[in-house]
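Following this are structure 1 and structure 2, which are two forms of one protein chain, each written alone as structure tokens.
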Structure 1
Amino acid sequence: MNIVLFGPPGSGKGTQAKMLAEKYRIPHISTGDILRDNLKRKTKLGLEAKSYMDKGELVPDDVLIGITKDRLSQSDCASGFLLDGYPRTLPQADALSKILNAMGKKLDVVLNIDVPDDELIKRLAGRRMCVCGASYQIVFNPPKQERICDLCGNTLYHRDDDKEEAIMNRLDVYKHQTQPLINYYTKEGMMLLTVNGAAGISEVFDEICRLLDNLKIGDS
């Protein structure tokens, strides 16, 4: 299954993607995680991306298109993938169809996770991350021990772009640059399924699995 998980910052893409990747045994490709990993390792790409990410702005399209193209050509994507956080602009969506076309593949479904703004703001302000990629929420999904990752024991951190000013900017960027992709995919005749992401984590997961199982898509 070739899936795009679509939704505003804080809608639960990363949380759901980790569970879906395990259940359907397909790689979870998060462009945000790839960029943060580059930042941590202080690569040229990471240093270039940092100023955009800290402000909650989008990193230039050519950078993201390159990252995604490389990642999708790796062998673990042969029987499917779950894209989280890409595409975020029209040029990125166009590039994705071209990349997949050249590989003889196509997207099967775009899953749109819908959550109202006030809920997104609450979620992001209380999101805490771990270097291992796990994410928690201080109220809705707290770690067993305060500030410590359940999975690896590292201390959790608050992303710079999860502070109030950057959150508001990211929601604005989403509305202007990313949300129009819903129209784009509708016009393209893409299978676009909207999920109510305001429900609890496991309810949202069950709903997504129900939708995916109904599609009965084979390996592609």
Structure 2
Amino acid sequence: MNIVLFGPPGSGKGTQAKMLAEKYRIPHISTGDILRDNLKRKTKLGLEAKSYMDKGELVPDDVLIGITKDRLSQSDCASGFLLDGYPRTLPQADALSKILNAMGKKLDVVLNIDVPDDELIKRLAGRRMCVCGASYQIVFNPPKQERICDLCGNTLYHRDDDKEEAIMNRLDVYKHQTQPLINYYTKEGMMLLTVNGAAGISEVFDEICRLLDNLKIGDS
């Protein structure tokens, strides 16, 4: 089962991706997580990406294409994968198609999580992160102790790209560069499933699983 997962910043697609990867036993490939790991380790790639990520802009295509090609070639992707955060532009979608064709693979389904802008802004402004990778939301999913991670005890931080100016820019970038991919995959005849991401985490997850199971993709 090969899946691409779409959703604007704050839609919860990262959370859903992890849950889906566990249920269907396929690797969750997040280019954002890969980039942030490089940023944390202060690699050349991480430093290159930081200036773009802090402003809510997209990292250049050539960087992400290289990361994705390398990841998809690894052995754990042989039985399927879930791409989260890639492709985000039409050139990236074309590159992904070429990568998969060269590997003798194809996408099975495109999942699209749809959430209104006002809900996205509220979610992102209240998001807090930990260096261990845990994520919280001060209203909907707060830590047990204010500003302290439940898992490791480190102090939570507010990502630069979750601040108001960057949020607005991220949503604008998404609308102009990523949403056209919906039309791209529709024209390609790809199976496209859209779910309402404004519902609770478990409700969204159950709906996605229902749609996938009805298509029998999980049995492939």
Ligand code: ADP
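Here, a residue number simply tells you its place in the sequence of structure 1, counted from 1. Whichever C-alpha set is largest while still superposing within 1.5 Å between the two forms counts as the rigid core. Nothing here was measured: the structure is a model prediction, and the numbers come from that model.
Given that just one of these two is the form predicted on its own, which number is it? Pick structure 2 here.
Comparing between structures 1 and 2 on the rigid core: C-alpha of K105 shifted by 2 Å or more? Superposed on the core, K105 moves its C-alpha less than 2 Å between structures 1 and 2.
State yes or no: after fitting on the rigid core, is the Cα displacement of S73 between structures 1 and 2 at least 2 Å? Shift at S73: below 2 Å after core fit.
Residue shift check between structures 1 and 2, rigid core fit, L90 Cα at least 2 Å: L90: C-alpha displaced by less than 2 Å between structures 1 and 2.
E146 CA shift between structures 1 and 2 in angstrom, with the core used for superposition: Value for E146 between structures 1 and 2: 3.2 Å of C-alpha shift.
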